[in-house]
Ligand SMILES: Cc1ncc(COP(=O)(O)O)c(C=O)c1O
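Just the one chain here, the form predicted on its own, laid out as structure tokens.
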Amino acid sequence: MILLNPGPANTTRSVKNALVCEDICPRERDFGLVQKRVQQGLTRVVHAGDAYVTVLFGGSGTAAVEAAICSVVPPTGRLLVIDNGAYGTRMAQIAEAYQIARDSLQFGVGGYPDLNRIAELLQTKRYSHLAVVHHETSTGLLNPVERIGLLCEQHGVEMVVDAMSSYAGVPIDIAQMRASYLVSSSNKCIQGMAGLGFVICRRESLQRLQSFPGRSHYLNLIEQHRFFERHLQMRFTPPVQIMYALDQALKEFFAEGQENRSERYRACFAALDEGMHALGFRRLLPDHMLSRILTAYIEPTHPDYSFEAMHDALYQRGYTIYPGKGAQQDTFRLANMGAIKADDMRAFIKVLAALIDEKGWLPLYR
């Protein structure tokens, strides 16, 4: 099965095999050393030195986003959320659930952020923190996070970045990005298994969290960090096998190298997008906004077309595609992350072309 959904992504055989390991109590030092190696490897992916540290949580990526948002904004602070897709909206919803003072700057699903509007709001000095999604997978848009980070630095605002679907897929230098907190998970471009979320934190920012109480017991960023530093353990039971798989995935990432992985993903995108264009599909976003890790295509308007029929037929042929999420036009989404190659994309295009011919869906748009 070739997964063209936005994560979890395809994994290598060796990552799958890493799940089959000897049973171990997660409180043993041997397992603590595995966690420490994973923690350091995750930090290293974004070129972070000693000024940064990674905090691991058992849970999905959203759990790690929630840990960051509910932990870092002080009682006297205020959060500005950049909302141009479903995952920006989700960050605002998390802040609302914890009754954190916040505002959302909305650009519409798939809308490109207006840096002048962001700067105007930051100049008011109302905000302690800003939250933004790097790769907004509801549309495949790559936000200009480095430029937003520069604005945050200029106005003394700490930036929280949801890098769920960009981490390890596109090159990230966390210091150059000026992120105080960068959040991702084990199951997307890093090519591990689902079940671990993590927050890469600027140590200086993390230490400031000691001055005010957390809002969550489980998702408490500073307490999770303190406990691991003291005991080489998570506070609560971690997903042991998933940790071993992530350890293996990190070894494979560094063996491949960030540039080679990014180039492989770009080659997959090129093969996929060129093929989709040749079949007559239209993209939602223009070139300059694309992540080239996930692409939203406008759904055909042929009267006999249905996404469900296309999904089910492709699934039977070994490909998983994904519905759209909140865009102003009806879309479906195709990702090209994970342990896949350009040849997999070309094979998919052939299968999709045969399906379109079989269903009689041409012309796609009426």
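Note that residue numbering begins at 1 and tracks the sequence as displayed. What you see is a predicted model, and the numbers here were worked out from it, not measured in a lab.
This protein has a second form, the form predicted together with this ligand, left out of what is shown; the following refers to that one.
**Student:** Contact with this ligand in the model of the complex for residue 148, defined as at least one heavy atom pair within 4.5 Å: yes or no?
**Tutor:** Residue 148 lies outside the contact set for this ligand.
**Student:** For residue 269, is any heavy atom within 4.5 Å of this ligand in the model of the complex, or not?
**Tutor:** Close contact is absent here: in the model of the complex, residue 269 is far from this ligand, nothing within 4.5 Å, heavy atoms only.
**Student:** Does residue 300 reach this ligand in the model of the complex, with heavy atoms at most 4.5 Å apart?
**Tutor:** No, residue 300 is distant from the partner.
**Student:** Whether residue 90 contacts this ligand in the model of the complex should be assessed with a 4.5 Å heavy atom distance threshold; does it?
**Tutor:** The answer is yes: residue 90 has a heavy atom within 4.5 Å of this ligand.
**Student:** At 4.5 Å between heavy atoms, only one of the stretches 42-50, 60-68, 25-33, 308-316 reaches this ligand in the model of the complex; which one is it?
**Tutor:** Only one stretch passes the 4.5 Å heavy-atom test: 60-68.
**Student:** Hey, with this ligand in the model of the complex, do 137, 165 and 188 all fall inside the 4.5 Å heavy atom range?
**Tutor:** Checked in the model of the complex: all three residues contact this ligand.
**Student:** Hey, which residues along 1-16 are within 4.5 angstroms of this ligand in the model of the complex, non-hydrogen atoms only?
**Tutor:** Counting only heavy atoms within 4.5 Å of this ligand in the model of the complex, the single contacting residue of 1-16 is 6.
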